[in-house]
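Only one chain is shown below, in structure tokens, and it's the form predicted alone.
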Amino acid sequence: MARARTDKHFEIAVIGGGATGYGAALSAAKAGFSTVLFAPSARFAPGRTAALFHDSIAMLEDFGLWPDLAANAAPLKSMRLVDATARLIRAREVTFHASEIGLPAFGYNIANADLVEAFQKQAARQARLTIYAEPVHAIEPRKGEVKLAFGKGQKTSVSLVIGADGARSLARRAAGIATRDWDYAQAALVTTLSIEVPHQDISTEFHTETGPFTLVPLAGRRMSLVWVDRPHITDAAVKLAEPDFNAEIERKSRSVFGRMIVDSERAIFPLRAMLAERFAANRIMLVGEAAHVFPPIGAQGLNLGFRDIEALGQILPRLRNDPGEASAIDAYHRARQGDIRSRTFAVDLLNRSLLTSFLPAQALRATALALAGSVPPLRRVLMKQGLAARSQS
């Protein structure tokens, strides 16, 4: 995938080889800028999938990726929330349907590896995009440019760096952007399963006292699992013999999908959160987990990263003279601030509401879900807010 090496000047450099990195690079090239993407090869665990909402799918269509992804993407036509706690005050079961807000599906669940492969194919077709498989070692913002060192002693300079290099972002550190970090006493176990009873395109989230247990449709009779729990529970679960693990998954899902068989490796990820104090500074813009990290709850993570890319697509075409100028940096920060901070707050609040033993908070949560299940206008507002469906509002 890497192209011939060169030390020439590019207008924009994108650092990071995940979906947000490729998306940012395509957005920059599409805006007419000579772009270099530094995308070291990455391995994606078989159990990792992305539930992408309506606006994210629209972006994939704009990039020309959807034809390569549609066949193996599972529609998410309904979302079911089940209070699986044993608490005194429990919420009633609520199911939301995409048809209520005029959509055929809330979105689609796609394997991460398939998503990145589709991005790679499209990126390889772009005349304005040069791709290096080598990592960047140093980033030095200067007056009017940013110097980059990569590979084995190679250097280049750009007008703007887009950091899509994850939670430990080198680009963010080079920009001098501080972060606020916090940990949850939770971990997420992820894998995929084959099931006996068809899922009917319904994503099901069981809320427990220690976190959500979520089953998301995949193509055919398969589902992806995100099991959030205390670390000692997920550590024990990942070590279970396969028959015992299958039985535990079926028990926790109340046999809604009949017999369940794990069909990919199991992986565990500690739950942490991070929020950058700014989303752009010193000729560097941040996208995806370089800017924001939070738990895999509500399928917000990658969808939020794709909205970062959408903002780039709106700002970059207006900056033909200098994409890294101060006004561009400030415009991107302002464009992303409200969305990112509000989503981070909402996901954090939702997760903490599941964990709290404070009775009034449990009562408030149960009441909110009851209203969401019984008041149609409120249901529609919540669904649109959950999708960040500006075009649908």
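All of these numbers come straight from a predicted model, not from anything done at the bench. We number the residues from 1 along the sequence you see.
A second form of this protein, the form predicted together with a small molecule, is not displayed here; the remarks below concern that form.
- Mapping the unseen interface onto this chain, I15 counts among the residues with a heavy atom inside 4.5 Å of the small molecule in the predicted complex.
- The small molecule in the predicted complex is approached by A42, whose closest heavy atom lies within 4.5 angstroms of it.
- Taking non-hydrogen atoms only, M285 never approaches the small molecule to within 4.5 angstroms in the predicted complex.
- The small molecule in the predicted complex comes within 4.5 Å of no heavy atom belonging to M260.
- Using a 4.5 angstroms heavy atom cutoff to the small molecule in the predicted complex, all of T20, T49 and V226 count as contacting.
- Segments offered: 320-328, 24-32, 50-58, 336-344. Contacting the small molecule in the predicted complex at heavy atom distances within 4.5 Å is 50-58.
- Exactly one listed residue, out of V146, A123, V190, L218, brings a non-hydrogen atom to within 4.5 Å of the small molecule in the predicted complex: V190.
- Checking P198, G176, P104, P135 for any heavy atom within 4.5 Å of the small molecule in the predicted complex turns up a single hit: P135.
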